[in-house]
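So this first bit is one chain, no partners, the form predicted on its own, shown in structure tokens.
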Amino acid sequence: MLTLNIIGCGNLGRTLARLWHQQQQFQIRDLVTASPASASRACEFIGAGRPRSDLTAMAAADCWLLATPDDAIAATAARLAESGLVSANSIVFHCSGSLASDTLAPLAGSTAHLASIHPVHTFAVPAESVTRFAGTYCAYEGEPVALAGLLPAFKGIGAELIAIEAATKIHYHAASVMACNYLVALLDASLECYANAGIDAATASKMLLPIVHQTVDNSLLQSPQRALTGPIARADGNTVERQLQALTGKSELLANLYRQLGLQTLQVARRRTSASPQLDKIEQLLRAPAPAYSNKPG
């Protein structure tokens, strides 16, 4: 069984490590995190591994996962290369969605084999992710030798594997950010609008839960065109204008978000029906500068 060291064992690192340990895909060896205490907690969660205070205290391993924040991966790779701990033919990889494997280039001189494998999964709660990871799509790119060693380990914990071009990876990750991170922001904006209507967050969340689930199912199991409902789908320009006025009176940020999402919604609406003067008028309304509504009553 291949041995694995992990640098930066946060939510993603500890989830994957626990799954690999449970499914006997890797022998988890040394872990380094922001502090020795957090490394100890990570080992306890994983059920294996040895906490280390710094990467220079780590032992050799067959594979190295750099699971630090994206902005620290290149610098961590450089430190690891300088340490001399990575032996020839070792595998070094990261799980960033936005960065390609060439971010690990400082290690190329050590004749290590480099790769990146990104799970399309939210690791907000590791204990839940452990039970839900199976079926997660993981996009991979990198050197053949590295992938030959890593892909079976991901497949062994239930991953669905998909190859991706390094040059287009940033677009792939932007898609994931919009669907996951920006959905969180959109729901927060929706809760703020409910609050403006006098509805508390707990009640609003209960109201949103079924319609959000249904909308996601309709959009992805069928298509965005078939899922679209509401004023833009009906070409109801009066409702759009009144909502935009009301939002402008409360929050410029919410009003601008409404405009930008409205323009994207228009594209969906135009795919399901022929262009109409009503939709053209809504587009003009959404593209109008904010001051045009600032003096209108809500």
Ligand SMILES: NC(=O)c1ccc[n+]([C@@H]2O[C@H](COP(=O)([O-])OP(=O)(O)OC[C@H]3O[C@@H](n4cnc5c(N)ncnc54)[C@H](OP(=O)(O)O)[C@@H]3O)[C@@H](O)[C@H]2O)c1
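Predicted model only: the values in this text are computed from it and were never measured. One-based numbering along the sequence shown.
Quick note: we don't show the form predicted in complex with the named molecule, though the next part is all about it.
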Contact between S110 and the named molecule in the predicted bound form at 4.5 Å, heavy atoms? no
Is it the case that Y140, even though its partner is missing from this view, gets within 4.5 Å of the named molecule in the predicted bound form, heavy atoms only? no
Residue-level question: is Y194 within 4.5 Å of the named molecule in the predicted bound form, judged on heavy atoms? no
Contact flag, T122 vs the named molecule in the predicted bound form, heavy atom cut 4.5 Å: yes
Which of A67, I46, A269, A61 has a heavy atom within 4.5 Å of the named molecule in the predicted bound form? A67
In the predicted bound form, the one of N256, S35, T239, T229 near the named molecule [non-hydrogen atom within 4.5 angstroms]: S35
Complete contact of I7, G13 and C95 with the named molecule in the predicted bound form (any heavy atom, 4.5 Å): yes
Determine which one of 122-130, 148-156, 216-224, 198-206 lies within 4.5 Å of the named molecule in the predicted bound form, judging by heavy atom distances; exactly one does. 122-130
